[in-house]
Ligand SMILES: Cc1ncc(COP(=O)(O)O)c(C=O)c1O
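Encoded as structure tokens, the following chain is the form predicted on its own, with no partner shown.
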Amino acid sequence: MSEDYWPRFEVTEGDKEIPTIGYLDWYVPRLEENRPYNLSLSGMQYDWDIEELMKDTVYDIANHHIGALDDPRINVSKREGVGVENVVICHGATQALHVSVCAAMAMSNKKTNNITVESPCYAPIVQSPQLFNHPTRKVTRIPADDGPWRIDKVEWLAAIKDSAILMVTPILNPCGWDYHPDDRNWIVQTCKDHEVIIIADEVYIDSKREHSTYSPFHTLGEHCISVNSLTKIYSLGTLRYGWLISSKDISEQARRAFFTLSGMMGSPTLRVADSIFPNLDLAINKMNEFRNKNLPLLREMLNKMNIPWNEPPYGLFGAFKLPLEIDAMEFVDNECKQFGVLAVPGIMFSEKLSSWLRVSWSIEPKLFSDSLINLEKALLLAIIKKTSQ
């Protein structure tokens, strides 16, 4: 097993090569196998009828947008209730993270260029700052049997004091849980006290727009940046349309960084996004439908297998620990493959999650039901093998 499969927080001194994104090195070849029961998907599976939404304007898709469309920031500002000047549009959430790092460093009053990143995480979140030669520090969220995964405030405080930026993923991959309110409030206040800018990757936060605890980081302080996109909740990853929301001063720096990196957004992307924005709730409604139909089946299967399940009350995915310390990567590459199932080992997000498995319920209910039947078969076979050793 290669260490490259989980996010790289430390780069060997003298190693000038850019670290691989081990998750994708592992995941893409398995996607290419086209296993029929795919529980690995990290985003909502919703089929947009772009031609119906755009009507005759679809024929203008390659024409320049200037003069034909309103400022694209308006769609985000209206939906999020912020000023247009607080929004920067980018080519997806990953670029928005890059731009946010540039802007935060430009605005930082700290003498250090250290960046603290929480773990578990998706590898580009921690490895992107390394492209700018920023040292990264790790802080952890601790697995919980019930409710949100929690933080060790002593660990986090030591790292925050020694950093200019804190990068977090509030709805955590792979467990699907947002912060406990006490932890979130502590993080925001502690970073404010120590002049640390928070960059929050919030690509899953729209799954809880209807929850009382819905609280994007940009609403929590002038030192907070929220990053989002049309990819995960809205099933438009191919569009590469993301944004960040922050204070006017930070957003101005981010706008300059974006112009330096990309110049302008592509006209086809802006035209399609403009037609989608008034209809985004269609995807959220479908997401809720899938949750209501699919999650009872997952609960039943895990209960039958006597596998503890800490179910997040929102989102598209969750994670559970395999019984008998079964190695999740070996399980996916052997028993799951035998029954045509694809899921994601927790080790893709942290080396400490080798027995954890992430599953997604963001697919059509009949396919999800069939997938669970085959996942149960794979689990039974793995347990038999383990107990016979």
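It should be emphasised that the depicted structure is a prediction, and the values quoted were computed from it without experimental measurement. Each residue number is its position in the shown sequence, starting from 1.
If you look for the form predicted in complex with this ligand, you will not find it shown, but the lines that follow are about it.
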A93, heavy atom within 4.5 angstroms of this ligand in the model of the complex: yes
4.5 Å heavy atom contact, H218 and this ligand in the model of the complex: no
- Query: Even though this ligand is not shown here, does D201 get within 4.5 Å of it in the model of the complex, heavy atoms only?
  - Reply: yes
Verify the contact flag for S42: yes if a non-hydrogen atom of it lies within 4.5 Å of a non-hydrogen atom of this ligand in the model of the complex, no if not. yes
Only one of 166 to 174, 132 to 140, 262 to 270, 292 to 300 has residues with a heavy atom within 4.5 Å of this ligand in the model of the complex, and that stretch is 166 to 174
Picking from N86, T231, S128, Q253, the single residue whose non-hydrogen atoms come within 4.5 angstroms of this ligand in the model of the complex is T231
The one option of H223, K208, R73, R240 with any heavy atom within 4.5 Å of this ligand in the model of the complex is R240
